[in-house]
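Take a look at this single chain in structure tokens; it is the form predicted on its own.
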């Protein structure tokens, strides 16, 4: 079977890893007050950062684009022009940041105290900082950090101040503005506040987009936002949101700046502050509202040990280079620049591809800690029904095997080789003592309840699920390393033969099914398949010729591990299909879907029909529904009395459930050809 080779294999072990510097080392040696009051003189590509917030607001309100939209809204609504202009001013006043160096210095002092109390180290790649110091003087810069914790944007600003880099203007949700005192302090540290959704509010969109573009065009500050749009409660990367990235690229596409530099930043936590909070949210416990009182109640974290953080500033990505051969910029000359227009199909496709590429860069530069490997092994042991724990010596051996496999797959793994593996494992288990316990040289997930607790069977199950989901969030950090080989391993398991075309069809089916669950770049199926084949051949797990994919004798252990790592997702998607076929009522809506499917899954878990409490995750359930809507197995009714309800295709759902369970070969309709 001939195919065009689009995956160019490289030896991941040869991938250059930058040297890291622990920024807390200097803070522990010198005074925090001296650090906070030191000379701070950052330089941007248009010179020293001396522009005032009032100048930025004036430029936005006087811009041609905003004047055009104000006139348009006035005509369409019949509201006097001055009133619409006044509304735009109110929106801008509510939104805009107001940087004050005194507040920045206060945060620098306070965060130094906090970070030294709860983190062992904050390690930053020096070469990445040097690249950033250079590029901020050449072009507008957009910082794109991964988003796993509320700590992310505080940490980013702290590091920018530490390295004498200009503090970014940070896109923040309106939730934070409601925090008395703290909300205003965040505004004075660079945060600007935006609504979670704009609906069809033309005026709000015009003020917001012009505000962002004016920051970039005129060199007021680097822009910072989270491509994923919100914190990932599961530690998996989320599907990128394109709105802000579209706006950030617009000045280049319209020829207003020579280039824009996009800098993906990967922030890796050894222990996440919100781990238990996230698990409870995934089980349906409402997210606590952001408030100043809540912040003070969280002071108990200062007595905890959260290990180390690694921050990797990736190589800047030039929008100019990305767009070369992809976007014809002459299309922007057909209408005046100030007239808003929807992105054309080729621009939308370009921005979408760039967004996926940037999130993949974030993933690849995540620094993985030993605990993510231990969590993976302990969860697989739990899923296999072995509640007697794992002998510590055996866990160490398994972890070393998995460490070596990770490295062969090109993972960015922080495992100190100069320390005995037994000490590395013991240190990780100790740091995560709330999730595991060690007794008589055996390691267990901490699922047992206190003896005095009197819980119903359902309450006990949900309590155990908090621990399992917390561990899964760490396991998920390594999924991007194993994902493509795991999809191939699962495809081999479900394919009806070892024929390469049959295996590829199964791989394509699974990849398509899980494209809402994981970061799988559009149009890269063949590349992903060839990457998986290369990696599994490299480690000796597979023998692949032109027509067949065969399992090597030494490959069974690797393939079994990879198949098991996808099992919770396969079982979760099967359960969603089963629920929609068996229990879905005529009045089921998207809003009612998660509580209803959760009750269905709890019933099956209590009866012992399911192995993985992970399937209780609302994130997994929503992703499964999104996949079924995309595939047409479920449809959302539009209009009429049943508008918004979900209409299910039971024949297709049964077929998908059987295929996911390996009871039915991949449907011909979903087959593709290399």
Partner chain sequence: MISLTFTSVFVPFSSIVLLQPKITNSFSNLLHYFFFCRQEIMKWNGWGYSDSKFVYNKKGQAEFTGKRYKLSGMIIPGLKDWMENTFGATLQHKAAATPALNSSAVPPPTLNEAFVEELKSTGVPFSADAEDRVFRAHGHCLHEIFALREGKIGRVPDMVVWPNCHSDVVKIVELACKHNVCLIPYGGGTSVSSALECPPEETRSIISLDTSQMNRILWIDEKNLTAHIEAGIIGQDLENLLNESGYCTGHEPDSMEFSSLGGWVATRASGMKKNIYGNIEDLVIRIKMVTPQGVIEKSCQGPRMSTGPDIHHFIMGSEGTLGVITEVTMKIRPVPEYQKYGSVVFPNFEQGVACLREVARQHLRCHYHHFFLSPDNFNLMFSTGHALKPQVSSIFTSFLDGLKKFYITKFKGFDPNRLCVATLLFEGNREKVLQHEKQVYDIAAKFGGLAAGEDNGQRGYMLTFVIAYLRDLGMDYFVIGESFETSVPWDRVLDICRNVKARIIHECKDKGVQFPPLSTCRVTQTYDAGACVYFYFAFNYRGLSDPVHVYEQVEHAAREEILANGGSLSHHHGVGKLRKEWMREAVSSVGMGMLQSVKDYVDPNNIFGSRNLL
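Residue numbers count along the first chain shown, from 1. Remember, it's a predicted structure, so these values are computed and weren't measured experimentally.
Only in words, not in the display: the form predicted in complex with the partner chain, which the text now covers.
Put simply, residue 424 is far from the partner chain in the model of the complex: not one heavy atom of it is within 4.5 Å. Taking the partner from the other structure, the partner chain in the model of the complex has a heavy atom within 4.5 Å of a heavy atom of residue 254. In the model of the complex, the partner chain lies farther than 4.5 Å from every heavy atom of residue 193. Proximity of residue 324 to the partner chain in the model of the complex: non-hydrogen atoms within 4.5 Å are present. Residue 330 is the only one of 197, 586, 330, 545 with a heavy atom lying within 4.5 Å of the partner chain in the model of the complex.
Taking 258, 109, 205, 444 one by one, only a single residue has any non-hydrogen atom within 4.5 Å of the partner chain in the model of the complex, and it is 258.
None of 553-561, 348-356, 316-324, 431-439 except one has non-hydrogen atoms within 4.5 angstroms of the partner chain in the model of the complex; the exception is 316-324. Counting a residue when any of its non-hydrogen atoms is within 4.5 Å of the partner chain in the model of the complex, there are no hits in 144-158.
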